[in-house]
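Next up, structure tokens for two forms of one chain, structure 1 and then structure 2.
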Structure 1
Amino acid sequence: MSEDLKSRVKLLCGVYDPETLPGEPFGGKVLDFLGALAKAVRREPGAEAYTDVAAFGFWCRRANLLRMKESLGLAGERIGLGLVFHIAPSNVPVNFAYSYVLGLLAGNGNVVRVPSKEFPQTELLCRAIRRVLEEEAYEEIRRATSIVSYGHDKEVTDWYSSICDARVIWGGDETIETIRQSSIPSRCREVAFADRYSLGIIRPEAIRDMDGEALGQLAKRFYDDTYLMDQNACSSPHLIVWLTDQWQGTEEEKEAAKDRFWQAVADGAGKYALEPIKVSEKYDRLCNFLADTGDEAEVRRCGGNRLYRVLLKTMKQPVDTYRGIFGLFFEREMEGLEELAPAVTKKVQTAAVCGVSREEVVRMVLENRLQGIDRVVPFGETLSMELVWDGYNIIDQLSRRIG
């Protein structure tokens, strides 16, 4: 890299050495490093204030990584590709760290571009990474790492793209299109995690039959899935489908179950930092939806400005049109999963479920040959990073099999 380009890049962690060679996936030194990093994150002052940071520290424990490796069932001898260039999204502060770990686990050196927007979580995680990389035992990994920050500078992106063996892009469709203007070598692999949409499916009897403690736990998990990321994460549910195919009770009891769920969510959202800009943006989005859509809908406010419910009487738009933010949620009652199937597009990534089995949703996807829904998880696990994401086996994508 020229001195001019270097001057435009802020190096946050590591110092990537172009002579770094790939290694085997889940190498012992990498697992040792990540185990040490998990402990460093938990010890980092202020980490306890950020649920997403704490979740990352828990996720990259050696035991958890080995469990995921076992479930992955990789076949054959493998080795990393070389250098992976990661472009992290601008709206999920800890995503860069997950992407970095995935590159390491696959046996690669990594250059990771973090968002130019400053997040306290990013700085906290970088401090922990730097601290572990400074240990002599992890010098090899330090030389296989560069975590960098720079603005929208195509020349810098051009250079990193020109030397990488794989490029991982996280972001919206426009971001991916822009990054792809920077060419990559002919044998370079690219994995793009594009703009996606997620929803939840709940049977009201599951809410009706919960005791207060169980409902409070569900509300907390829902909060973590949604409010924690301002509903910006691709896996955060925006639409709640109330599945009534097994309901036995009156209409009033069914509505009471729905209200019970939302009231528990509203109670849990009392801790949500709702700045005036969030209120105005949420209200603006709601007004634009009501003005532009041809759908019949009823709006209910629950828990003050922290929770708005948009009850859809019709769904005439593509399902990913129903996007909330800062505590704005859409909901629609359906008599069965077959009613949901026509609305599922390739944009749909995650279905969070309560009172609905994973097997039911998977069967709907297979029988209707749907292009959407890559994951089916309980509420509280939508943000949990997995080694298979958006339908990609990431370790497989970032390594090569020697046959």
Structure 2
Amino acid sequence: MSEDLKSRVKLLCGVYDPETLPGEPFGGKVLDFLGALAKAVRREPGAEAYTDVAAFGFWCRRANLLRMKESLGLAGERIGLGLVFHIAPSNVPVNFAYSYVLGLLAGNGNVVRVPSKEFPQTELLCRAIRRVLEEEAYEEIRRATSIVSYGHDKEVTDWYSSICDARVIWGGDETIETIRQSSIPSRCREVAFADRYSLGIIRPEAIRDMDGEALGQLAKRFYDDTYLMDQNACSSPHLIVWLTDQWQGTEEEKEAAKDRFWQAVADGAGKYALEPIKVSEKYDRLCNFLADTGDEAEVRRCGGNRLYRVLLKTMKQPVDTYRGIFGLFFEREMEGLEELAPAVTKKVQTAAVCGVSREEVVRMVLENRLQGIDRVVPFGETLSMELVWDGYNIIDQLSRRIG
């Protein structure tokens, strides 16, 4: 890297010119390093104040990494590609660390661009990473790591893009378009995480049959899926589909089950910082939806402005246009998954389920030859990072198999 470019980049961890370092996925040294990192993160003063930092520390424990490896079932002899260039999104503070770990696990050296916007979480995590990298045992990893921040500087992006073997772009369609203006070598791979849409599927009897404690747990998990990220993450559900195929009670009891769910969600969202500007934006989004739609809809508020329910009596638009924010949810009754299938577009990423099995949803995708739905998870896990994400097996994407 030229001195000129160096002067435009802020080095947070590792070195300016990282070495290309292909290695076996889940290599012993890497697992040791990550295990040490998990401990260092948890020991970092102030970390406990940030649930996202704590969750990262918990996620990269050795035992969890091995569990994920098991479930992945890697086939054949594999080796990392060499050097991976990661572009992290600007408003999910800890995402850069996950991306870095994925690059390491696949067996690569890594350049990670963190956003120039400063988050306390970035600083905390970088401090922990630096601390572990300084240990002599991990010198090799240090020399293959470059965590940097820089502004909108195409020349810097051009440079990193020209030397990498794979490029990972987070942050949605606009970012992908911007970054793609910097070309990559012809054999270079690219994993781009585009804008996605997610939904939830619930059978009302599952709610009816829950005791208060279980319902409270569900509400808490639903909060983590949605409010925690302002309902603005790709995997945050916007639409709840109520499956009535197995419902045996009366119409009133069914409505009561739905009300019970939303009331629990509103109660669980009591700690959400509902700033006036968010209410203003959410109310505006609601009014725009009402004016735009040709759908029949009824709006119900729950817990004041904390939660808006939009009950769709028709659904004439592609499913991914029913998009909420700050606790604005659409809901629609359907008689079975066959009714949902035609509405699922390519944009749909995660289906969070309750009272519905993963197998049922997977079968719907296969039988109906759908292009959407890359994940089926229980509520509360929509944001958990996995090695298979957005339909990619990321370890496979960032390594090669020797045939």
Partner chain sequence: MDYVDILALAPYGIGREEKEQIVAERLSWLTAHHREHCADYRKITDGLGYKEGAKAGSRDIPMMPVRLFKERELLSIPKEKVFKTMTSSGTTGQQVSRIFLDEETSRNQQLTLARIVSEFTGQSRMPMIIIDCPSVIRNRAMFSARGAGILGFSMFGSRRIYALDDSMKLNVEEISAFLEKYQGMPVLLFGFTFMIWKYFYQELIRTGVKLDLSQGILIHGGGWKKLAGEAVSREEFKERLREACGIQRVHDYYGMVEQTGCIYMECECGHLHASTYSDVIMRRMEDFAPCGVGEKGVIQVLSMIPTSYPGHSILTEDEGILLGEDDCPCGRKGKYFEVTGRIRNAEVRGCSDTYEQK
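Structure 1's sequence is the ruler for residue numbers, which start at 1. Everything quoted here is computed from the prediction, not taken from an experiment. In this text, rigid core is short for the largest set of C-alphas that superpose within 1.5 Å between two forms.
Structure 2, not structure 1, is the form predicted in complex with its partner chain. Fitting the two forms on the rigid core leaves the C-alpha of Asp211 displaced by under 2 angstroms between the two structures. When the rigid core is held fixed, the Cα atom of Gly336 travels less than 2 angstroms between the two structures. Annotation for Val361: C-alpha shift under 2 angstroms between the two structures, rigid core superposed. Summarising the core-aligned comparison between the two structures, the C-alpha atom of Tyr16 is found to shift 4.4 Å. Summarising the core-aligned comparison between the two structures, the C-alpha atom of Ala47 is found to shift 2.6 Å.
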